[in-house]
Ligand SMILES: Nc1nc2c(ncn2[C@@H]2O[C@H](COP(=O)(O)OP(=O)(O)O)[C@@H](O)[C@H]2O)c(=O)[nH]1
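Below, in structure tokens: the form predicted on its own, a single chain.
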């Protein structure tokens, strides 16, 4: 996979804990819980705090039962389903997340449209995967710490989404990390995977809290990689334009 930036290199980590972030994060909270945003809704900011919003489409990939739907619910601050069910088609979830850029101090709202599609549905209906790939910006590759086969399948998952002109952001997320007593994947194996693929493995698990701490690391990591990818693409485009003029 393409090199990823060091955590905190592009965005201010744990900015949600700083006093100057409260006004921004209050726009995605209601009574200390996350607001639910539909496809046409967005946070409303006062004129003196107007910020730009950047839009990204993110596909959640993984075997049935690894927690794709649960991850989307967690990132949106919604209740995690108590029982597993196979997603029958495509489900989309909108997540807004404010980020402060480290170099400029500029604040941006990241609008992440998460796409979740059931594994069996993808196999049965040929038109679903092209719809998921259309104008896609990132893929989250999921495995479960309680399902050894999902970890072993990561390389196959990543290979299916790789190509010579591929600009997708690719991140690996291990779910059900809280169930360490039942883990089928060791930390040594995770470390070896990170070294081999040059990509960190993000972890998630447990109940959704009323705060932001349980999703901040993952959302900041995703936002940072998306912004870094855009900056790299803009730089390459500028160099090509300069070369053409010369």
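Positions refer to the first chain, counted from 1. Note that the structure is a prediction, hence the values are computed from the model and not measured.
As for the form predicted together with the named molecule, it is not shown, yet the points below apply to it.
Peer 1: Since exactly one of 124, 127, 84, 106 fits, which has a heavy atom within 4.5 Å of the named molecule in the predicted bound form?
Peer 2: After the contact test, the surviving option is 84.
Peer 1: Give me the residue from 215, 28, 70, 185 that has a heavy atom within 4.5 Å of the named molecule in the predicted bound form.
Peer 2: Checked against the cut-off, the match is 70.
Peer 1: Can residue 189 be called a contact residue for the named molecule in the predicted bound form at 4.5 Å between heavy atoms?
Peer 2: Heavy-atom contact with the named molecule at 4.5 Å: absent for residue 189.
Peer 1: Any chance residue 51 has a heavy atom within 4.5 Å of the named molecule in the predicted bound form?
Peer 2: No, residue 51 sits far enough from the named molecule in the predicted bound form that none of its heavy atoms falls within 4.5 Å.
Peer 1: Even though the named molecule is not shown here, does residue 179 get within 4.5 Å of it in the predicted bound form, heavy atoms only?
Peer 2: Yes - in the predicted bound form, heavy atoms of residue 179 and the named molecule come within 4.5 Å of each other.
Peer 1: Is residue 101 near the named molecule? Define near as a heavy atom within 4.5 Å, in the predicted bound form.
Peer 2: Residue 101: no contact with the named molecule in the predicted bound form.
Peer 1: Pick from 34 to 42, 191 to 199, 217 to 225, 62 to 70: which stretch has a heavy atom within 4.5 Å of the named molecule in the predicted bound form?
Peer 2: Selected range: 62 to 70.
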